[in-house]
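This document opens with one chain alone, in structure tokens, the form predicted on its own.
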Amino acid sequence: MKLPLPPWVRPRALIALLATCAALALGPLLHSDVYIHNLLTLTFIGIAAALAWNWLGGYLGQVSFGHAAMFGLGGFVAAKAEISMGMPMVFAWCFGGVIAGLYALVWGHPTLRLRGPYFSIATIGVGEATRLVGTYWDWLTGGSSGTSLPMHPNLKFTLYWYALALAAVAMAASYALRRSSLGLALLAIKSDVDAASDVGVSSTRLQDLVLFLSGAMIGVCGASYGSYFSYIEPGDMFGFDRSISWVLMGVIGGIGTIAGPALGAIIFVLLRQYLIASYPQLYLGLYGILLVLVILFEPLGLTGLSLRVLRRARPDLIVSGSET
């Protein structure tokens, strides 16, 4: 009996995602290495955030350097809801994500009229303005002192599965946005927004939808990040380096692809752990050098490199970048 799947869903892709999630879910039960367990939790959160950023930066071609604004807002709103309102942790995450998505629409709806570097410059201003405002809003963020979240028994251990589920949802959403009819409309907007509007694509509505979804998912990631550390402060949550990290993840893995940002997030998190331990004062500069090298020599990232290797190994095989 065939499953009632949409025509754009490949059963093999669904099976691969479910099998990978099942294997990763069993991982903590087969080993007791706390360091690896915590590192994988942060990696899953990074994967979800990178994929969410890619919905806007890759699928729409609107490269944002201000997504830390939604990350931080989602984290602080969720913390406030959990502390002051007694909201359960997961519901607080969702609430923080919705508020972050709405905030993305507040600044994003007018700025999405800008294209290319003008939009990117505007997002830098939004991110920095949000960081400054958040630093002085003691009632929400705790100001420079930050906010401490409730600590639950075995919280870090159980957050592994929550983070895995979050990454799986982001991957499934990326697949749906890329391969469905909505993905074709987004590709048309990315190519030429005016031409897309002329042929009946509601570019404004779809851009707002993607911006909301991207901001909401980033907000949930910020909330889960706050719960993981049980303490958050504006300088970390709204920091410009956090926005840059998602750009790097997308560039390393392959902007505009389905799995590329996830691969980039895995490499980035592992590389970050090593660089912070070995070169704590230089790691941001090394990120910049890495970004320049990837853009110069492999603009499609590791996904483009793997496709090129595959084409050389199997010249008779036609591979489409949109399938990756």
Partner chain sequence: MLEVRAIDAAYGDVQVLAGLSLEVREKEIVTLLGSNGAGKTTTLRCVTGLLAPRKGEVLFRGQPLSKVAASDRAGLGIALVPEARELWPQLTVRENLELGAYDKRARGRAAQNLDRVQVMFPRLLERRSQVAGSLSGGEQQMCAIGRALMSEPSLLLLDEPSLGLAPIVVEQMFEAIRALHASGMTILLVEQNLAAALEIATRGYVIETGQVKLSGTAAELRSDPKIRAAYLGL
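Residue numbers count along the first chain shown, from 1. All figures in this text were calculated on a predicted structure; none of them were measured in a lab.
There is another form of the same protein, the form predicted in complex with the partner chain; it is not shown, and what comes next is about it.
D138 falls outside the set of residues with a heavy atom inside 4.5 Å of the partner chain in the predicted complex.
Contact between S181 and the partner chain in the predicted complex is found at the 4.5 Å heavy atom cutoff. Proximity of D198 to the partner chain in the predicted complex: non-hydrogen atoms within 4.5 Å are present. Mapping the unseen interface onto this chain, L187 counts among the residues with a heavy atom inside 4.5 Å of the partner chain in the predicted complex. Contact with the partner chain in the predicted complex, judged by any heavy atom within 4.5 Å, is made by just one of T158, S191, S148, S144: S191. Only one of L206, C94, L105, A81 lies close to the partner chain in the predicted complex, with a heavy atom inside 4.5 Å, and it is L206. Judged by heavy atoms within 4.5 Å of the partner chain in the predicted complex, the contact stretch among the candidates 83 to 91, 160 to 168, 243 to 251, 198 to 206 is 198 to 206.
Along 148 to 169, not one residue places a heavy atom within 4.5 Å of the partner chain in the predicted complex.
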